[in-house]
Every structure is written in C-alpha cells, then in structure tokens.
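A single chain comes next, written as structure tokens; it is the form predicted alone.
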Amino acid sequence: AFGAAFDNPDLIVSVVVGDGEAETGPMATSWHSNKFLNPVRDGAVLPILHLNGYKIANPTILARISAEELDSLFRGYGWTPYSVEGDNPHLMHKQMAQTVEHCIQDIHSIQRKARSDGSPERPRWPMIILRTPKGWTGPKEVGGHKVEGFWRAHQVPVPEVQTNPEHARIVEQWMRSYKPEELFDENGIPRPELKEIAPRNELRMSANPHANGGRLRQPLAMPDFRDYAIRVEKPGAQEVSPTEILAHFLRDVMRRNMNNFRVFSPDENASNKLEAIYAASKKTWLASFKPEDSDGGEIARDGRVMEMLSEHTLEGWFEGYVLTGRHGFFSSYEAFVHIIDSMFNQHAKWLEKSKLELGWRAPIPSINLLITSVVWRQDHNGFSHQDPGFLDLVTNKSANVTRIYLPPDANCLLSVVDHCFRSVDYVNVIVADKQPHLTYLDMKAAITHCTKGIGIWEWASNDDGGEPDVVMTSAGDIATMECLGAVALLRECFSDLKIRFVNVVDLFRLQPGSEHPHGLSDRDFDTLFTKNKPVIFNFHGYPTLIHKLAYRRANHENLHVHGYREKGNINTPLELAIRNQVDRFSLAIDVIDRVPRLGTRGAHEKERLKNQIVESINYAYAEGIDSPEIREWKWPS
C-alpha cells in the first residue's frame, strides 16, 4: 500500500488488515511506514485494522487487549486511530461511512497544509479500527456450537450440507436472510437500480489505472551505461568494486527519473558500496533529526533512497511501487535476502498468472534484486552470513518470469543492470560482490558476452578451435577468478593440455530450451561443453543447482560441480574457498584426476598443489589474511 502511495500525490490507498495478519512480524514493522510518507509529494495510506476476534482456531491478540491499550499502541506508532464497533449492519454502514469521510478530510487537510507551506513534517495520519463479529450475519449456532462471533466461523461453518438435512436448512435460511429476491431478477441478474449504485469507468476499483499499473508505466530515461565502463587494457589485470562502479550509474538513473524510480535496501546501501547514489538523492527520513545527522547521515525529508532494517517492509514497498507502474532496485546481503523468500514466491506466482492468463493486464516494470556481500567474502561476519541458496528458490518458479544473472566483473554488471531496467514482467536476480575484483572484459566484449549469456573466453583457452581435454567453466565473480587461477596453474605445468574456458552469466542458459526460454539448444550446449570431455564447473552457489539445471544434457555424467558446501567460519577468502573446494588448487587437482592422460604423469604436480593448500591454510591461520601471491594475483599476460 505504501509503495503504491509513494510519488502518487493524488492517490489514497485504503488497505484492510486482518487481526490474524496483524500478529505477524512483517505487519508489525510495516506500521512504521508512516515515517517515510512525505505529505508534499506522496499520496496517503488509510489502514483499516479489522478485528473480528479470531484466527483459524484461536483468538487474536489485538482483539483481546483493552481498547485503551490498543489505542495507545497505534498512537505510539504515530497514527491517529478512529474506532468503529458494533454488530447492527445498518448502523455500522452509516458509522463506517462517516468515519471514512472524516479520515479522508483529515488526509486532505494534512496534505493541503504541507503542500501550501512546502513543509514535509511528519503528520499523524488517520487509521480506522473496525470491530465486527467473526462470521457476521452468518448462522448463530450449528449443532449446538457457537459459530457467529467465534473461531468456527473461520472454517466451513456448516460442514454437512450434503448429508444432513438440518445443515441444508441452516444454509438455505442463511442465504435467504440476504433477501436475494430484492437483489436479483428472475434470471439471476442484479436489479438495474442496484447496478446504478456502482461507480463508473475508472472510479471502479478494478478499472482504476493504479490497479493495472502497467497502463501508467513510463520507460526509464536511461543514461548510457557505456559511459561508466572500466577501461580494460588486458584481461584480469585491474581490480575495482563492481557495485561501486554500478553506484554511479544508479545515481544518474535516479537524477533522470526523480518521480518514478527508487532504490530500496535494508540499511545496506553504504555497506554495499552504493553510496554514490546519495549525490542524486538522500535517504528518506521523516522522523526527528539530530545535529550529527548532517555529518554523513545522508538523510532528508525529500530523499528517494528507501532504507529500513526490515527486508519485508522494503520488499512490500518495492512491489507496491512496481505494481503501480514505477521502477526500482533492491540490494541485499546474500544471506538475508532469504527473509523475503515467501514474498518473492507470491509475486512470481502473481506475475505468471498476470502475464499468461490475463491479457488485459498491461506489463509492469520488473523486480530487480541485487544480491551482494556474498558468501565468499565474509571475512569478519562468518558462517551465519554464508548462504547462496536464494538462487535455488528462484529456479523453482515459472521460467516465464524468472531470470538469474552472475556477471563476472564490473562491466558485465553494468550491461546486465541496464538490460534489467529495460525489462518488464520479470523478477531479475543479479549476483555481484561489493569487494574489489578483477575486470576481464572491455565494455564491447562485456555487452557481447552478456547478450549471449554464456560463451568461450578465447584469451583464457588454448584448445585453438580443436577438441579440448577439459572444459573449465565458471559462474560468479569469485568462482571465475579461482577457475582462471586453476587454468593458469594447469597451463604452466602441462603446456600440452588443451583447456576450453566457458563463463556463464545467464544461469538459465544451462537449461534446455524446452525448459526455459533462455535455455541453449542441445546442439549449442554440446558444442560448448562437448559430449564426452570432463567439465569442471566452479559455481557461486550450491553445486546441486547446476546439476538440477543441466541433468538432461548429454554430457551430464562428466559434469563435476564445485560450489558452496556449508563449510565455513570467519575465514580468509582463499581459506573459505579451500574448505569448499572452489579454490584454484582443488580445481586443478580435479582436472588432473579426471583427464586420463594426466593420471600418473600429474602425480608430482598434484602433490605440489596439495602442499600449496596446506601452506595457504597455515598462512591464513598465522597472519589472518591470505598471502600476497593470492591477494595480488592477476591473470598472467
């Protein structure tokens, strides 16, 4: 509801909250959204807390506390509550209409004052607490058990209609109590005088353009992402933070779209190195200010960057913003994006139905999620912050609405984000770390690579157009660096070993085209990965996900995936990689084991690689960091 109201100054969003839903953590936090609603430029939200006293089989908390305590609760949240209570429908309709009218006048008064003097001070917005019986106007009792005003009204209140004549009589009496003969003609059509009461055209809720937000969608005015490119003289020689580069692009997207673009993050924009965006707009803040806030606080009443330490609330705002035709970008620590799992699920389900079965619904901007502060760079947070499993969840949803991108460097990230911002009707999930990483592709090559979604890196391969001995494959920035490190080691030790290097940006390219519209044909897949050579795949996430996507492929039995295996602590980057066998040494050993002609010939090199693993772990334990050779590694020219 609040997402719909942001940047919609003439819109009032009325949202009904059940007392069962009101017990959930996300709902409890979302009451604080009133601290982010600017009365000058935004619309308003009129919450109606409906207390009927019961959930499925239990009383509800808010319905069982005193009226005084409930009133104090919402005044403490910053609202002005108005109460409507009773069980007489005729009196309640009149009372409710009067209260709604009073609240709307309150809202208009708040907005007029703020807009006339240009002062977006935080007001106390009105809300309504509505108390009615559970199962209102239904059967009072069934089989000697209380129904109306009790939890049984939540279930099937009259369960034996087909087999119990008394139950059938109760249902008939219940239905006739609504006097259908006064509502419908003999053909079951609503009577004309009743149809005249309904609003017309866009005043109908279903025809309100905000309820079909794609009708209001305007494409973003986009800067040229090529202008932010990192100059690449040679692959793997320069380190930059991909998200820090992206932040400058986001800043200028914001500057060009100050009424229909917002950035959302749970108190993590600065941590994720996206703080450059504050040059275009500060963080929204309508609560009180302190003098020290001016020293790096980056908060303002007219800010457009939405930060609150509640992933649920932010995702709700984001979805409401997008559903009403506007654009956005959400960044999160990888481990905590799981908090919105169920919200992603429901939005993806809604998108699929909207896109495939409701032709009258106009396309809406995509949900764009950046997953950063990733599993492989948790040097101080440790095991609790290591979970790349959100990607597994995304692959469970419809191929018609889900996309996953793992850009290997900053230029690829720019290309991917530009593409996602121009898309509609998708959930785009992008994985990119915030720490400095090597840049491999100049912008022209990055665009080509990201457009294809998967491809051979010629400069990292030496199969010279022939058949390789092994296919080295990576998906993810850290996974790519370690995989390249393994290639460099192998080429140094086995000059005649033919290696093909394949990088995956678009994860769904691994699926067959019959399973996902981005999937490679079997012919193209076999051309890249061969039909019978070992494929060593270094993956950002859980290894089983790659097997899930590629299990139908011809060479699946030779696909050997390295990825996160729940082995972690407060580790250095290489130490964590070693524990999960995604490091360059473990990958090189796996190649030696799986390329038949390297068997006994590679024994000495295999021992040296094992020694390097031991030395690297010992160095990390002794120094608390990885050795300079690892930290300063570059692709050999």
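Quick note: we count residues from 1 along the sequence shown, nothing fancier. Keep in mind it's a predicted model, so treat the numbers as computed, not measured.
Below, we turn to the form predicted in complex with a further copy of the same chain, even though it does not appear here.
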a further copy of the same chain in the predicted bound form reached by all of 312, 384 and 515, non-hydrogen atom within 4.5 Å: yes
a further copy of the same chain: the contacting residue among 355, 122, 491, 215 in the predicted bound form [heavy atom, 4.5 Å]: 122
The single option of 210, 377, 533, 397 touching a further copy of the same chain in the predicted bound form, heavy atom within 4.5 Å: 397
4.5 Å heavy atom contact, residue 599 to a further copy of the same chain in the predicted bound form: no
Residue 41 within 4.5 Å of a further copy of the same chain in the predicted bound form, heavy atoms: no
a further copy of the same chain contact at residue 20 in the predicted bound form, heavy atom, 4.5 Å: yes
Contact of residue 255 with a further copy of the same chain in the predicted bound form (heavy atom, 4.5 Å): no
Proximity to a further copy of the same chain in the predicted bound form (heavy atom, within 4.5 Å), stretch among 585-593, 54-62, 605-613, 41-49: 54-62
a further copy of the same chain in the predicted bound form - contacting residues of 283-302, heavy atom within 4.5 Å: 283, 285, 287, 288, 289, 290, 292, 293, 295, 296, 297, 299
